[in-house]
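Shown here is one chain on its own, the form predicted alone, set out as C-alpha cells.
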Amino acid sequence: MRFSKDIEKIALKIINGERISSDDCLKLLEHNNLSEMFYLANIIREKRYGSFTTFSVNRHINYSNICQNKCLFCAFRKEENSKEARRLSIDSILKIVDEIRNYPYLEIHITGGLDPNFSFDDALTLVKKIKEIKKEAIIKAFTMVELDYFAKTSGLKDVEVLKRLKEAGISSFPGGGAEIFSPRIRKKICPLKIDGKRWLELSKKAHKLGIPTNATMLYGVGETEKEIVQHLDKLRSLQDETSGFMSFIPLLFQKENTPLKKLREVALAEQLKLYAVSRIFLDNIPHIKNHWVMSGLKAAEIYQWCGVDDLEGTVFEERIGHEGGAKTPIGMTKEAIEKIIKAANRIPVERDGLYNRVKKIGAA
C-alpha cells in the first residue's frame, strides 16, 4: 500500500514493528486518510490475534447511583434524596449473583458511586460472599475513584485497601474513572474527582501487587487531539513500567441527559480513527476493547477492522451509559454478540474476565 507523504515514515515504522513517538501519534490523529489508519491498525491486530474477536459473559452490577462527586458528564449520579436514587443491599446483590451462578465462566463487574452508606467493610463483605456463592467467578470491581474513596473513609493506606480486596477475592479492577487526564478538561467536567495522577498512582500500586487492571479514556468532552495523545502516552508509560493493564477502552461520551449536551457530536470517522491510532500507539497494552454500549452495534462491526480485538461482553445489566442516553440494548445474549462478530467476518471466541480463551464459537 502506498502511503501519504506526511505519514510515510511513520507507516514504515509501524509495518516494521517499531514504536512510534507521541509526535507521530499526533500526526496520525491529524491525518485524514482513514483507509491508511485502518490498514496500519489492522496489521497489528491481525499479527496478534488473527481473525479472532473475543468477548465475555458478564453481569454488570451498579450497587449505588448516590455519589458525592458531581461530575457534569454523569447522568447516572443521583442525590440521596432523589426519587431516582437507587442503593442495592448486599443481600439483593447476592440474589442477582445466585441467579447466574450456574454459568461456568462468569465475569461480575461491580461499580457504583461514592456512597457514604457503602463502606470499605461492605465492599469486602460483598466480594467474600460472592466468592462463597460462585468460587470461580472473575470479580472485576471498584474503579480507582472508588478505591481512593475506600482509603480515605477507612483510614487505611492504599496498599492495605488493595491487599484486603485481593484477599477477599477481587480478580481485577475496571478502568473507569480515568476520564481524560487533561487538567483543563477535568476542571470543567469533574473538579471533585481524583485527578489523573492519582488514578495512575493507584493503578501502579495495584499492578505492583499483581492485580491486573483496565484503562479507559472518555472522549467527546471537548478534548483536543494533543490532550488525547497525552492521555495515551501516560498509559503507555505506566504500562512500560508495570505491564498491568489488560485492555484499553475508549468511551464515547453519552451526553443526552447531562448539562454538557451542547457539546458537538463526535463523527463516526473520528471515533474509528481514535480506535485505530490507539491500537497503533499502545503497543504494550494487549487488548483494545470496544464498549458497544456507547459506540453502537453497527459501529462495533467496523471497529473490528480498526484495531479492536475484543467486544466487551453481554454486559447485562448496564446502567451508566444508558442513563446518558445510549440507544443500545441494556444487555445482549451470547448469540447476539457472536452475530456482530461474524457480521464483520471475524471469528468469535469466548473468554473469561482475565482474557483466558475458553471457547471458540466457530468460523465466520
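In this text, all values refer to a predicted model and were calculated from it rather than measured experimentally. Note that residue numbering follows the sequence shown and begins at 1.
The form predicted together with a small molecule exists for this protein as well; it is not shown, and the discussion that follows is about that form.
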{"item": "The small molecule in the model of the complex reached by all of 174, 216 and 252, non-hydrogen atom within 4.5 Å", "value": "yes"}
{"item": "Contact flag, residue 149 vs the small molecule in the model of the complex, heavy atom cut 4.5 Å", "value": "no"}
{"item": "Heavy atom of residue 120 within 4.5 Å of the small molecule in the model of the complex", "value": "no"}
{"item": "Contact flag, residue 126 vs the small molecule in the model of the complex, heavy atom cut 4.5 Å", "value": "no"}
{"item": "4.5 angstroms heavy atom contact with the small molecule in the model of the complex for residue 279", "value": "no"}
{"item": "One residue of 207, 231, 140, 287 in contact with the small molecule, assessed in the model of the complex (non-hydrogen atom, 4.5 angstroms)", "value": "140"}
{"item": "Answer option from 301, 36, 338, 312, heavy atom within 4.5 Å of the small molecule in the model of the complex", "value": "312"}
{"item": "Per-stretch contact check against the small molecule in the model of the complex, the hit in 79-87, 216-224, 265-273, 163-171 (non-hydrogen atom, 4.5 angstroms)", "value": "216-224"}
